[in-house]
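The form predicted on its own is given below as one chain in structure tokens.
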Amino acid sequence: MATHLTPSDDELLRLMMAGDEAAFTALYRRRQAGVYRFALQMSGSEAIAEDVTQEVFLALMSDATRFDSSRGTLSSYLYGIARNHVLRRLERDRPFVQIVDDASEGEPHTELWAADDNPHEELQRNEMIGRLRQAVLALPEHYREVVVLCDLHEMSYVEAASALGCAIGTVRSRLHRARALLLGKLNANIMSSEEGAGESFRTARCFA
């Protein structure tokens, strides 16, 4: 019985460069969602994420020969292109970027908080996910990108270093610092919310 193996990214790229449109379509379908989520998590803007995703694959089509498999995976290469485009767009559009809810896009790890029959617990989970997104977007960009790549997209240090064009040690040290900053932001947000809830309760009692 014949065995049908799924072609690797490198094989699809080779076929694409030889003029196989189906290979490009397959590669796009395989990697588009990840590139889009990365751009969205980095920018907080659906418009930027959509534009960057198109730009990434247009860049791949126009000059695929720039990819060097000896320097990393094609996935890391695509994330690297996306990162550069996101940073340029953020610098240009910074005053206009709005944070959006991307729950419908299937963000990694949010499935751990699947809905159940308890509306109160579901509300708490949604609030925590919202705080996490806000905290990630509030990180400086060089810390945000390592959190998004390593923690949300589960890239190894090697893959993240390839995408960012830096040393593995740099990824490791930035991620350590980023996680500490992220934890501090989350704790501060939680404390602020609890204090706000307490103040609302005291105010309500005054008018009871």
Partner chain sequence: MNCKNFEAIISDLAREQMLEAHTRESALLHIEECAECARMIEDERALTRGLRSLVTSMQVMEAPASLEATLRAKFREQVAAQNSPVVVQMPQRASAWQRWYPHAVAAAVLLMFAIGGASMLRLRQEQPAASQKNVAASSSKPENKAQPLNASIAPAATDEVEETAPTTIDKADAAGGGQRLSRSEVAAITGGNAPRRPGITSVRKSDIDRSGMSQTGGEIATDFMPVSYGDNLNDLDNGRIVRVEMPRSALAQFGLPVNMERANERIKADVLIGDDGMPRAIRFVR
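A quick note: this is a predicted structure, and the numbers were derived from the prediction, not measured. Numbering follows the first chain given and starts at 1.
There is also a form predicted together with its partner chain; it is not shown, and the following applies to it.
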Query raised in the report: Exactly one of Leu175, Ala161, Ile48, Leu27 has a non-hydrogen atom within 4.5 Å of its partner chain in the predicted complex; which residue is it?
Result: Leu175
Query raised in the report: Check Ile81, Glu127 and His142: does every one of them have a heavy atom within 4.5 Å of its partner chain in the predicted complex?
Result: no
Report task. Determine whether any heavy atom of Leu183 comes within 4.5 Å of a heavy atom of its partner chain in the predicted complex, and answer yes or no. Result -> yes
Query raised in the report: Could you tell me if Ala167 has a non-hydrogen atom within 4.5 Å of its partner chain in the predicted complex?
Result: no
Report task. Verify the contact flag for Gln41: yes if a non-hydrogen atom of it lies within 4.5 Å of a non-hydrogen atom of its partner chain in the predicted complex, no if not. Result -> yes
Query raised in the report: Even though its partner chain is not shown here, does Arg71 get within 4.5 Å of it in the predicted complex, heavy atoms only?
Result: yes
